[in-house]
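As structure tokens, the next two blocks hold two forms of the same chain, structure 1 and structure 2.
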Structure 1
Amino acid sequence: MEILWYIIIAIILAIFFILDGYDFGVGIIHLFFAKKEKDKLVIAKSAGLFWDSNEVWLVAGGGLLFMAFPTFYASVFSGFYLPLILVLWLIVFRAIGLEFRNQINFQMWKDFWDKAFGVSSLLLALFFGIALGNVVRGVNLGGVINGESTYESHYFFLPLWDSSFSPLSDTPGVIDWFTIIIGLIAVIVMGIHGANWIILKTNSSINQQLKKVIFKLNIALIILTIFSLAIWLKIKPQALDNFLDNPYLVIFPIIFFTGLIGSLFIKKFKSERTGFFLSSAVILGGITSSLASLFPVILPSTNKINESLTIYNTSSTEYGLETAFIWVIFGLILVIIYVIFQLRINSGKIDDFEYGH
């Protein structure tokens, strides 16, 4: 049951980052490229019409994580307390930036909420990437100092950064030069994804410009991906062991690199859906490849005193997992119906749809 629940939660989180990921990306594009009022309105609308249904997947993922792997949930939500509070505030500002912008017809008011929407979207993408960097790098479980744990073996607490700013530190912070690189990759991926969504859902005047932006961002993404892989192998020399032991797992990197290489031909795509599907593949492949490289570990320990957290030593009881599985089927059916309904009523180009008035 542990493996089944791991797969379910991984799928839900991947869906969240694909769906809400384009919202983050739309905010990034809005911040840097939307100059005309008409473009600002329609680009914000392409996120505003969908963000609330997309974030249902985040709530679902968090709830199921709490149910299936409570020890991991408790450890992560206490250890990453500071960045999680920042993420919470950023989610709030992104939402109210969308909802408040058009409530008052005053330019300074609009400009403020435009910046709130864009900056919070960019920082959310950055922090979610940093979070992934922390997971693949590992944390100081038990708070080991001078060879002794300062608290229980499955707990930790990270400052935002430590003085060394290094992922190889015995007491790493949330932010170091490695997690920043992963964060930048996330920003670029979400930016590409958001640009593809804008092209798919709007007739914005910057759509042709965005194809050029996607191409340039994709080149930067390829360079950063190769660089980050080299660094990751230096930090975690055993990072690819799962792929060598289980060759079928290579399907996940193939999905990632298919999306990555395919996006280089963005200017030649006849269908606007193609670019969006390819950037979705990059997100799906990136998340699943990271999880596959760690399995069955879900949070590595950077010290040799306390063992890493796995799906086996953090899971709920067998009875709890089996009972919850029955109920999660009904819950997921309701969420899927909700999302399909939302997509159907907002199908096609959304330029003339009403929002925020």
Structure 2
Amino acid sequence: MEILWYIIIAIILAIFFILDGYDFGVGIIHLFFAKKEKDKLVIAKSAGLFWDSNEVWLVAGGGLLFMAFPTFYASVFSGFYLPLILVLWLIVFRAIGLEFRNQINFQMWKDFWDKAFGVSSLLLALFFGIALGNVVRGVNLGGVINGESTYESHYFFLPLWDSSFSPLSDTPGVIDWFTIIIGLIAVIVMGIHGANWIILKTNSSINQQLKKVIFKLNIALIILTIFSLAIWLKIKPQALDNFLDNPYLVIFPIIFFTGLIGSLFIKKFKSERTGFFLSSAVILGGITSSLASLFPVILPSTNKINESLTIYNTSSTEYGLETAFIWVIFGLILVIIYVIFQLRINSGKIDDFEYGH
């Protein structure tokens, strides 16, 4: 039952990053490439129409994580206290930027909220990447100092950074040079993803330019990916063990690399959907590969005294998980119906949609 719930929540979070990932990316592209008011409006709209129904995946995923793995939820949310609250503030700022931009027809008002939307999207992408970096790197569970735990073995608290900024420090912070690299990867991945979404959903005048941007970003992404993988293997030599023991898990890295390499041919694609599917594959493959490499651990311990958090030592009871499985199936069927309904109405380009007036 724990494995089943792990898979359900992983799928929901992967969907969240694919969906909200494009609207973070739209924000990043908006910040750097949208110059004309017409483009700014339509690009903001391509995120503004959808962010709310994308963010429900975060709320639903968070709620299910709370229900299925309460100890993990408690440990991680209190341990990453400051970065999580910063993420909350950014989510608030980004959302009001998108929603309030067109409420008042005054140029300074629009410019301000455009920047708020762009900057908070960029920082959110960075923070989500850093979060993933922290999960694969691990934390000092139990707050061990000189061989003694400060807290109960499954609690910890991470400062934003440690003066060495090193992932190999005994007391690593949230931000170190390894997690920053993962953060940058997330920014680039979401930037590419957002650009693909803009090309797919709008007729903005910068669509051709964006294809070139995607190509360049993709080169940078490949370099950073190779670099970060090398470091990862150096920090965590056991990272490949799961793949060697269970070769079928290689499907996840294959998804990732298909997306990564495929995106190099962006200028040749006939359908605008291809690019979007490939960048979705990068996100999906990246998240699932990281999770598969850790499984069944969900938060590694960097010390030898306290054991890592796994899906087994943090889960709810069997009765709770089974009961929730019944209603979650029912709920997900409803969600699929909503999504189909939405897609039917919102298919195609969105340039002519009324928005915010």
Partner chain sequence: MEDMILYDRLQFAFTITFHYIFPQLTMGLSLLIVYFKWKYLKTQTEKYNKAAKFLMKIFAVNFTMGVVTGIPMEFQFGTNWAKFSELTGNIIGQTLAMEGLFSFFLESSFLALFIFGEKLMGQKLHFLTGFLVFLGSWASGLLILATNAWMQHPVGYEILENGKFVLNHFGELFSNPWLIPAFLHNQMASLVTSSFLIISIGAFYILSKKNIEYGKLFLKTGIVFGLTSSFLVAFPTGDWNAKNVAKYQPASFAAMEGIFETEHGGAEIVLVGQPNMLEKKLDNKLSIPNVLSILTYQSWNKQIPGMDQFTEDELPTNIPGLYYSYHIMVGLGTIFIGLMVLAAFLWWRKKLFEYRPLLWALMFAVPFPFIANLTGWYVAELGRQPYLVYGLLKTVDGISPTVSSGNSLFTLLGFVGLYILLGLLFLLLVGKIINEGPTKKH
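The term rigid core refers to the maximal set of C-alpha atoms that superpose within 1.5 Å between the two forms. Throughout, residue numbering runs from 1 along the sequence of structure 1. Here the structure is a predicted model, which is why all the values come from computation and not from measurement.
Pick the form predicted alone out of these two and give me its number.
Looking at both copies of the chain, structure 1 is the one that matches the description.
**Prompt:** Taking the rigid core as reference, does the Cα of residue 10 move 2 Å or more between structures 1 and 2?
**Reply:** After core superposition, the C-alpha of residue 10 moves less than 2 Å between structures 1 and 2.
Q: Keeping the rigid core fixed, work out how far the Cα of residue 342 travels between structures 1 and 2, to one decimal in Å.
A: Here the C-alpha difference is 2.7 Å.
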